[in-house]
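In the form predicted alone, a lone chain appears below as C-alpha cells.
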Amino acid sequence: MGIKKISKDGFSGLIEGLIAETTVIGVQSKGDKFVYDLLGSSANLRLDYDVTILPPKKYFLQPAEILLRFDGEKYEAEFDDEEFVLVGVHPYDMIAINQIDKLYSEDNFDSHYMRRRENATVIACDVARASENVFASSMGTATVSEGFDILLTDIGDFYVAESATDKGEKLLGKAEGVSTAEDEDLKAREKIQEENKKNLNKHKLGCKPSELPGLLEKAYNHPIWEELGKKCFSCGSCNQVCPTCYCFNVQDEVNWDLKSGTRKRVWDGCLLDGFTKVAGGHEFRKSRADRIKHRIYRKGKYVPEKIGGEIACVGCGRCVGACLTDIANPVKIYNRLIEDIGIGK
C-alpha cells in the first residue's frame, strides 16, 4: 500500500471519529499496568506502554464464547459479527495473531475465530518502551511486516503510518494531518526498528530460534522437567497470558427444561490438571513434569512443525511475570538445555 506520516493531533482526531461511529478497543493504563479495553476517548489511549496484562488475541479467540444454541429440535450456530478497531498491538503480539490465523484457517477451518478476524481493523505500533521481561529480539519478533492494517512508529511529533491493506489505506484517508513521509522520517522509523531488534532482550536466548526444534529433539528425557515439575503449582497462569496458546474446552450448558441450552468454548491450558483427561478417568499427562514439558515442546517443536518452522513463543515475557514460582521463563529452560546438551551435538 503505502507509507505516510500523520501528526499526533491528526491521529487523535481519527480515533475520536472512529469512537463516534464504531467499536474501538485500545491500550489503556490500569494503575501501573496496561490493558486492552473499550476506548471512550483518544486521551485514554496509551501507545507508549510496555506490555499488556493479557494479549489482544482475546478479541479473536474469546476467553468464553457461545458457539451455538439448541432447543431440542434444532441447533443454530451463533456468530459475533460486530466490526471493531483494535489499536496499539505490538509486533510480537501481531506475529502471535498471525500464527493463530494460520492454525485456525488450516485443516478444520474455525469460522467463529476467522469471522472476528475479518471484522477487525488492526492498528499496530512499534514498541516505544521495553518491558522488564521482553525477549522479542531473541525470537525475531521485535518488528512485524504483515497482518496489520496500519503500523505506527512514534518518531516524535509525528507517527510514521504504514498502511498494509485496503482497510488501512481507507482509514488513513479519513484522517487530517496526513502527509508524505520524507526520507528523514523513514530513517527515523528504521532507526527505532533496528534498535528494537537489538534491545528488546531482557532474557537472551543462547541460540537461534530455528535451532530450538533440534535442541528439543534431544531433550525429552532431560532431568529439568522433573525439577520444574516439583515447583509447579499447575495454576495455568503461563497459558492464560500467552499470546500463542490457542487451546480450548467445549462445554454444553443445558437449561432446566433439559432440552434447550448453549454450547460454549472456554480457554483451557496444558498446565492445568485434567487437560488431557478422557472418558474412564484416563489422563495422558498426569504429572506436572509432563505438562511443563509439553508446554515447552508445543512452543519449540510441535507448532513449528505445523506452520513452517515458526516458533510459538514470541518473546512477550508475560509468562515470566505471571509465574508464581519463577519457573515459566522459556529462555532459562532453553539455555539450560543448550548448556547441558549443546547445539548441533
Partner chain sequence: MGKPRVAIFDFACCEGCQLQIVNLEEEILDLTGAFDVVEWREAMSEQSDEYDIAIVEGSITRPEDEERVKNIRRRAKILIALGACATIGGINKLKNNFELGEVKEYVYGKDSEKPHLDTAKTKAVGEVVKVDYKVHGCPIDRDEFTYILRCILLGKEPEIPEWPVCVECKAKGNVCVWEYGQVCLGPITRAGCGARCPSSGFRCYGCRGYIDNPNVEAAKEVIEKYNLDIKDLKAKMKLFGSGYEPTKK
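As the structure is a prediction and not an experimental result, all values here were calculated from the model. Positions refer to the first chain, counted from 1.
What follows is about the form predicted together with the partner chain, which we do not show.
**Student:** Looking at Leu272, Leu215, Val178, Ala188 here, can you tell me which has any non-hydrogen atom within 4.5 angstroms of the partner chain in the model of the complex?
**Tutor:** Comparing distances to the partner chain in the model of the complex, the residue within 4.5 Å is Leu272.
**Student:** Which one of Ser234, Thr121, Ser163, Gln193 is close to the partner chain in the model of the complex, taking close to mean a heavy atom within 4.5 Å?
**Tutor:** Looking at Ser234, Thr121, Ser163, Gln193 one by one, just Ser234 meets the 4.5 Å heavy-atom criterion.
**Student:** Looking in the model of the complex, any heavy atom of Glu182 within 4.5 Å of the partner chain?
**Tutor:** Close contact is absent here: in the model of the complex, Glu182 is far from the partner chain, nothing within 4.5 Å, heavy atoms only.
**Student:** Is Gln240 close enough to touch the partner chain in the model of the complex, meaning at least one heavy atom pair within 4.5 Å?
**Tutor:** Gln240 belongs to the contact set for the partner chain.
**Student:** Report whether the minimum heavy atom distance between Tyr113 and the partner chain in the model of the complex is within 4.5 Å.
**Tutor:** Residue-level check for Tyr113: no, no contact with the partner chain.
**Student:** Answer with yes or no whether Lys170 is in contact with the partner chain in the model of the complex, where contact means some heavy atom within 4.5 Å.
**Tutor:** Lys170: no contact with the partner chain in the model of the complex.
**Student:** Considering the partner chain in the model of the complex, find the one stretch among 134 to 142, 80 to 88, 149 to 157, 240 to 248 with heavy atoms no farther than 4.5 Å from it.
**Tutor:** Among the candidates, contact is made by 240 to 248.
**Student:** Taking the partner chain in the model of the complex, which residues of 254 to 271 have any heavy atom within 4.5 Å of it?
**Tutor:** Residues within 4.5 Å: Val254, Asn255, Trp256, Leu258, Trp267.
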